[in-house]
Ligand SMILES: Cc1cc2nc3c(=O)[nH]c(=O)nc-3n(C[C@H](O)[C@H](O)[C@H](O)COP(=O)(O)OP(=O)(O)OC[C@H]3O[C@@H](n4cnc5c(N)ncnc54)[C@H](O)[C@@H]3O)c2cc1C
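In the form predicted on its own, a lone chain appears below as structure tokens.
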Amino acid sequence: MRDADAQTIVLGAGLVGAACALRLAEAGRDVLLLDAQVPGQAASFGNAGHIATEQVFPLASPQVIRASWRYLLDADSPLRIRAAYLLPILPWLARFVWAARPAGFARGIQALMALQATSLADLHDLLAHAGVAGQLHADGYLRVWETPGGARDAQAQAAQVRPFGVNSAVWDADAVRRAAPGLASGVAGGVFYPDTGHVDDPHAVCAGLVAALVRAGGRVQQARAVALQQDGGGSVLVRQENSPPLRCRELVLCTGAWSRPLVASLGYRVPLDTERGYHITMPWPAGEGAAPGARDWLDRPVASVERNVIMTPMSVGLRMTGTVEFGGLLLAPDAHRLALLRRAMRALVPASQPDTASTWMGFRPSLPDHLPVVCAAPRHPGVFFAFGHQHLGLTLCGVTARLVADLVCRRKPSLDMAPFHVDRFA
């Protein structure tokens, strides 16, 4: 083996890992991006495409705890635990409840706000550097309702986040129809969040970041890392499946839902579990008999209060995602979750053809306090962590990459990194 196979190895070629690798290559590092799959094929592939800057409340909240007993084991609920996974998830749930107490929830809001303050600007700058700024549309997001109860819930949520700097406006049914003429007549109004956005295709964004990394002198390799080790000289060894180990001086771990065993191989214990996400993507109708103006059904993300789904118009079609399922990395996908999405798309966009949609299930990394781990490893100089972004990998990849580059290059980060430290669960 050479003295070092790369100065800096970034493990994980999703949106967060690709963004970190690009920023480090731009800073002059010799970067090797390593992943078991083709870049952008895991959670980043199935992303909803929504730049969710309005999300400043962690999922671990008193409100969710109060409501959870009603739906955790309900097959049709937006937040479900697979029965076969109930025992394994219990320790994580106990930490979730602890994080949701009022003091923990308040700290979580402040930490998320610190990340979200520059997330859209950081993302725009990142994509501009990668040459894919045209993928990003900062045109807002609409949360619609069909019932009086949905109207109350949507407006109450908007009122809750308004003191934290999240702007919104209530739209009546006519305003909603002008913005999204493809929606069903039963949609009675919505709340518009102007300071958000979406991308045309999350996978294309990730591919653009990787292409920019290569142009900046970085390299990409497909291999599965199984353990990490630091030798007496400070070099980091990446043990690979069926391949010799790789050696580097700096390592950034961005392996999402697969991060826990790699972090554990260095002696750090994190209560990382997995949210299983589902999506359907309906190709835009084309050819004879296609619905006229199908691409104009909606021109920005639209979420449904009652149905707990979000639709985003993309270059690849109309994508709908929704629901959170805890079931680990091994259980088979639940076809019922996909059926719920098809039903919701048919109800919300009557001219849609959800039976033609492709389907996907992937794994989102989930920590009980719903904050990522972004820090320098406290007992391993040259090792850095950036994982656990839950639903916000796309939204936060730009700011995360900037912070990681600051840490690796020994610059002072622009915000307090303590809420994102790996040892906060000790």
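One rule holds for the numbers: they count along the sequence shown, beginning at 1. Predicted model, so just to flag it, every value in this text is computed and none were measured.
Absent from the display: the form predicted together with this ligand. The rest refers to it.
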Partner-contacting position among 302, 251, 254, 209 - heavy atom within 4.5 Å of this ligand in the predicted complex: 254
Quick one: from 42, 399, 374, 383, grab the residue that has a heavy atom within 4.5 Å of this ligand in the predicted complex. 42
Does this ligand, in the predicted complex, lie within 4.5 angstroms of each residue among 81, 268 and 368, using heavy atoms as the measure? no
Picking from 86-94, 217-225, 140-148, 156-164, which part of the chain touches this ligand in the predicted complex when contact means heavy atoms within 4.5 Å? 217-225
Residue-level contact is defined here as any heavy atom of the residue lying within 4.5 Å of this ligand in the predicted complex; does residue 35 satisfy this criterion? yes
Answer yes if any heavy atom of residue 352 is within 4.5 Å of a heavy atom of this ligand in the predicted complex; otherwise answer no. no
Residue 15: heavy atom within 4.5 Å of this ligand in the predicted complex? yes
Would residue 348 count as a contact of this ligand in the predicted complex, using a 4.5 angstroms cut-off between non-hydrogen atoms? no
For the stretch 373-395, I need every residue with any heavy atom inside 4.5 Å of this ligand in the predicted complex, listed N to C. 389, 390, 391, 392, 393, 394, 395
